[in-house]
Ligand SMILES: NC(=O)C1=CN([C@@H]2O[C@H](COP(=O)(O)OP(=O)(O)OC[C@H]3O[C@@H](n4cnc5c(N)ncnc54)[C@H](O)[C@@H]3O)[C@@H](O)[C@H]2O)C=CC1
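In structure tokens, one chain follows: the form predicted alone.
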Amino acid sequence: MRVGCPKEIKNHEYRVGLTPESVRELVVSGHEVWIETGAGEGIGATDMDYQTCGAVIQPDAKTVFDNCEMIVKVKEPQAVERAMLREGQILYTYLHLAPDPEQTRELVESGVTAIAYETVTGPNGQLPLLKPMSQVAGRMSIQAGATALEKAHGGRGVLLGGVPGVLPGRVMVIGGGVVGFNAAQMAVGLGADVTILDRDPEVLEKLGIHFESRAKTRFSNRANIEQMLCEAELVIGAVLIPGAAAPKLVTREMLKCMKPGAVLVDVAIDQGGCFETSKPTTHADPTYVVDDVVHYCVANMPGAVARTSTYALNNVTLPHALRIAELGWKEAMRRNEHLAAGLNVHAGRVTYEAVADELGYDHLPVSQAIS
């Protein structure tokens, strides 16, 4: 199979779909890999690095899109990229379709077969292709929040760890999954006063055992969220419903009790955000203020640490890419139900139920798409 990897064009997105090492694995397996020139610059990989590993360097994205059977990316295709997709082509990348009706419509119209990293499953309902980026985003959320709390950046002027004689900042983490756990780890490491909220008693028990007295846990309900919002300097939104839009757990009305200069970091913004006042921002202009509360809602946070993120992502995406290239997407999905869960759009139909329900499409079951 001819596999193509264009340069990412989303604002301040420095990751790349394939590392030179991943290219080598594909080439050794008998496949041809086309890389757009400069695609790896953000991770310090030159065109020569890719050529040494067997890639064919192409001058522009159009050449890659027009001539490759499978396109491997990181972020959802932007409008100009969606216009280059075609029927029968495979798109393998993050999509986050539920909060993005325009992208969904254009993918449906293109006839492309779109496989979303974020809905590929693993044992016990895990999301292994989302996990490494969730780990990165969770850890970065505390760095970003700590910076936004600085007075020069519009924040309250609070040092999360405090100093002797001065109380540390209070951090509220909504959601105890991968993002929330990693955010809590970073905040605890800084010496902050950390509370994690979740609705799953088993998750709360595991968090309690892991953090012991270094972080508190509370059941996530409206009353506890409202109380904690009034006390917190930094709030991390770390809630995920696989493939579906994130629930709005913090309303604008709730912001009224928050301290002026407090910070909200919405890691769920890719799925529409879990704060009512959230809207996507970029690394170029990451924050805005609503009712004296600073909002950080960058939709591609891991792109800022592109090298770490790209290598972590390739570790989990490459095995499926190899299977798809070797067997074709249908046979690969027949043999692997976890990969089949990643199919979101095929031949003009929406194949992921949560996306179909959210955006009003008729749902085509994956079993029918691959039969």
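A residue's number is simply how far along the shown sequence it sits, counting from 1. This is a predicted model, so every value here is computed, not measured.
One more form of this protein should be noted, the form predicted together with the named molecule, which is absent from this view; the next part is about it.
- Shown alone, this chain has one stretch from 100-108, 250-258, 130-138, 79-87 that lies within 4.5 Å of the named molecule in the predicted complex by heavy atoms: 130-138.
- This chain is displayed alone, yet in the predicted complex one of 177, 208, 161, 286 has a heavy atom within 4.5 Å of the named molecule; that residue is 177.
- Proximity to the named molecule in the predicted complex, taken as a non-hydrogen atom within 4.5 angstroms, holds for one residue of 299, 120, 71, 112, which is 299.
- None of the heavy atoms of residue 295 is located within 4.5 Å of the named molecule in the predicted complex.
- When contacts are judged by a 4.5 Å heavy atom cut-off, residue 267 counts as touching the named molecule in the predicted complex.
- In the predicted complex, the named molecule lies farther than 4.5 Å from every heavy atom of residue 278.
- In the predicted complex, the named molecule lies farther than 4.5 Å from every heavy atom of residue 291.
- Counting a residue when any of its non-hydrogen atoms is within 4.5 Å of the named molecule in the predicted complex, the hits in 194-208 run 197, 198, 199, 200, 203.
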